[in-house]
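Here you get one chain, nothing else, as structure tokens; it is the form predicted on its own.
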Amino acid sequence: MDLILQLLFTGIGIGAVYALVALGFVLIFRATNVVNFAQGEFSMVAAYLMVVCVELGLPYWLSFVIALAGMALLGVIFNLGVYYPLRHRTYLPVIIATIGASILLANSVLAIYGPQPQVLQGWFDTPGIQLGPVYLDSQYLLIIAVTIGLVIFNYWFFEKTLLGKKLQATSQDKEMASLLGISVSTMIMITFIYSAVLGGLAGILVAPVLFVSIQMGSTIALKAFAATIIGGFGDVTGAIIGGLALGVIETFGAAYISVPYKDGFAFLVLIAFLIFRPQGIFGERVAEKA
């Protein structure tokens, strides 16, 4: 039982990172009807920005602020340079453009910083606390706390604020939102900024747990994308639940079945959902008349 509780805590911590990136996938999809396959690279870029700022001797909190500000700027550039020129095209060219942007970001960081993985220290000097039989790592506690805080914030923002309602209206019907006086381009810009910041935040939070490397973005993105499908594509709650579930499944699979194949468990679950429930946990079947 002690091991199960320990694995559950670790799985929720890892799953919370997947949930944050998956949330970025969902927000972009709802706003633009395309999948941003560069979402994982936002996490990688933010982690490297943190490493650079810390190595320059800046305080940790200031490095964090600069990294998130850099991600907000990257969100603006991404929107203007990748999505906006193709906004009137079908979804396929936009998806290809996001894949190209993902490759560009990864190789740009590789050219600037090199292939050597980097280590980023955590927020706290105390590595963790012992609570009965379970060791609570301080970084995992921070990840879980931030994720809970963001879930509450998202609910308040999208349900209780005027800007949040405008963003929802834009995601549901751009043409009608425009007729009601909502600036659709501004709402999409805000969505890209918020999505980039979410991805960057996930990368910064998980960086002290993992090595900061070029591959970390693609690994997180693939699992977050799987979490999005499992939860129900386009559903915010589904993205969060799917991310947490994948983290727990991956952790238990590594402990009881195989560590080398732990990355494969998420995709086995994904395949099972695609076969037996392709609409995901919270998705609904859509019927179309011929």
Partner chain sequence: MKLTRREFSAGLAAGLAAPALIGSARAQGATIKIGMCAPVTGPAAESGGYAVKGAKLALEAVNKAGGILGKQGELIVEDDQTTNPGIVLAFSKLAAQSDIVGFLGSIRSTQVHAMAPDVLKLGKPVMIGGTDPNLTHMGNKWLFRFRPNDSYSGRVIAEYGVSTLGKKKWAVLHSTDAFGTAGGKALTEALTKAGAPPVLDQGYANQSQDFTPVVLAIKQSGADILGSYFTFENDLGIFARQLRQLGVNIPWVGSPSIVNITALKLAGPALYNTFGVADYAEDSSEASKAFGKLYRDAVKVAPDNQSSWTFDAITVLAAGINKAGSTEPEKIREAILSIKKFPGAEGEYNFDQNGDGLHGYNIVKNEKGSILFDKHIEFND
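Positions refer to the first chain, counted from 1. Keep in mind the model is a prediction, meaning the values are calculated, not measured.
The same protein also has a form predicted in complex with its partner chain, omitted here; what follows describes it.
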Is P115 one of the residues lying within 4.5 Å of its partner chain in the predicted bound form, judged by heavy atom distances?
-> yes
Evaluate I99 for contact with its partner chain in the predicted bound form, applying a 4.5 angstroms cut-off between non-hydrogen atoms, and reply yes or no.
-> no
How about L56: is it within 4.5 Å of its partner chain in the predicted bound form, going by heavy atoms?
-> no
Does its partner chain come within 4.5 Å of any heavy atom of V209 in the predicted bound form?
-> yes
Which one, A145, I152, L131, V119, lies within 4.5 Å of its partner chain in the predicted bound form by heavy atoms?
-> V119
Joint contact, R30, T32 and F225 to its partner chain in the predicted bound form, by non-hydrogen atom at 4.5 Å = no
Which of 209-217, 182-190, 72-80, 90-98 sits within 4.5 Å of its partner chain in the predicted bound form, heavy atom basis = 209-217
Sequence-ordered residues of 1-33 touching its partner chain in the predicted bound form, heavy atom within 4.5 Å | L3, Q6, L7, T10, I14, Y18
